[in-house]
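Shown below, as structure tokens, is a lone chain in the form predicted alone; questions about how it binds or moves come after it.
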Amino acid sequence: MTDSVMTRLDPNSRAAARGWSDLTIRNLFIIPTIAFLIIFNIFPLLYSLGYSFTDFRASTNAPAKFIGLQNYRELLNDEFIWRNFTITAKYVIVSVAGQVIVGFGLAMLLNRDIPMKGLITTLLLLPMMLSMAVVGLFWKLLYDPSFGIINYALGLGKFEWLADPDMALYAIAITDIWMWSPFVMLLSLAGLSAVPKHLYEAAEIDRAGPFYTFFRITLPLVLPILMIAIIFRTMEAFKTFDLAYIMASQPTTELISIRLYKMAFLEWQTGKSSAFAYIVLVMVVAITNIYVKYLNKVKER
């Protein structure tokens, strides 16, 4: 068996000279990766799960005391925590919906022969390549009531976008839409380019209108890839921290990630924050499963 496997290797290579097989070389790549995931991902995950059942505080030397499900009960009965979830849900809906509409719209515009298509596509992808901190500070300047260009362009005077409790969350969502719409555009563009051209030709022969062609040909065939983009962006929107923390700091923009940060590193409620993190994890996994089930139904059509 070893001799047959060894024939696949270059006989002049060092691996063949040392008597290594393909299986050995594969394990040399896989085992360190698995060890890395266990040490830095799985172990902390299980360790924090244990802390979620205690009253442990990292700021003190007091030993952790087991309190069962008390942290979970207090969090689920806390009206302020539910307000954070409501704010986050509103942010996710506005942000992801905006990214899908803008991103898919740009993909539709680019899915045709236009001059300098490659250059335009590259320029549109630039926002998603920037750091979240840089984008947050950049848009904070754009929203500035004194010298921000947005108020000047819209003729709003000195309207304070990030200080207004009703508009601050939407201002952050607009920034997120600007940054991540290119991601949706890129996936949508890949899906649109894969739609068979003969379907459009047949629709044109049958004198089908643009709305019929879009809803009966384009959208159904691109929807699976669009759903994948929605899944990724929904998970990322739930974890948004940088933009909201940098751009605004008020109760109406306190997402669950910001509340979790304050609970863990400002209030030092390590046990309760671990329980909070698991509640968020379960909710994100549940929402993702709903998307995946719908995606599977779309693929079966």
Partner chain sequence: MAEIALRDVQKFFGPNQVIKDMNLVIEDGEFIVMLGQSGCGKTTTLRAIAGLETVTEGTITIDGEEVQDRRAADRDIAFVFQSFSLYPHMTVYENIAFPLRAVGMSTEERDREVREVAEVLRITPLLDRRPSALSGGDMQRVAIGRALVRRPKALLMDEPIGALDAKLREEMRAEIKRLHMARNSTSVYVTHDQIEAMSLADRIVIMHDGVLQQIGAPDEVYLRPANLFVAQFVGSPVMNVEPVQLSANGDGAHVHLAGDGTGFHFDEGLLSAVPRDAGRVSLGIRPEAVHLSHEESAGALGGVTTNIEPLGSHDIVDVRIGEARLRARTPAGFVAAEGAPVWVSLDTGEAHFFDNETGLALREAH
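All values reported here derive from a predicted model rather than from experimental measurement. Residue numbers count along the first chain shown, from 1.
There is another form of the same protein, the form predicted in complex with its partner chain; it is not shown, and what comes next is about it.
- The candidate spot formed by 55, 73 and 74 is out of contact with its partner chain in the predicted bound form: none of the three has a heavy atom within 4.5 Å.
- Proximity of residue 166 to its partner chain in the predicted bound form falls outside the 4.5 Å heavy atom cutoff.
- Contact check for residue 208: a heavy atom falls within 4.5 Å of its partner chain in the predicted bound form.
- Within this chain, residue 223 is remote from the site of its partner chain in the predicted bound form, having no heavy atom within 4.5 Å.
- Remark: residue 192 does not count among the residues lining its partner chain in the predicted bound form, judged by a heavy atom distance of 4.5 Å or less.
- For the residues 156, 97, 199, 81, the 4.5 Å heavy atom test against its partner chain in the predicted bound form is passed only by 199.
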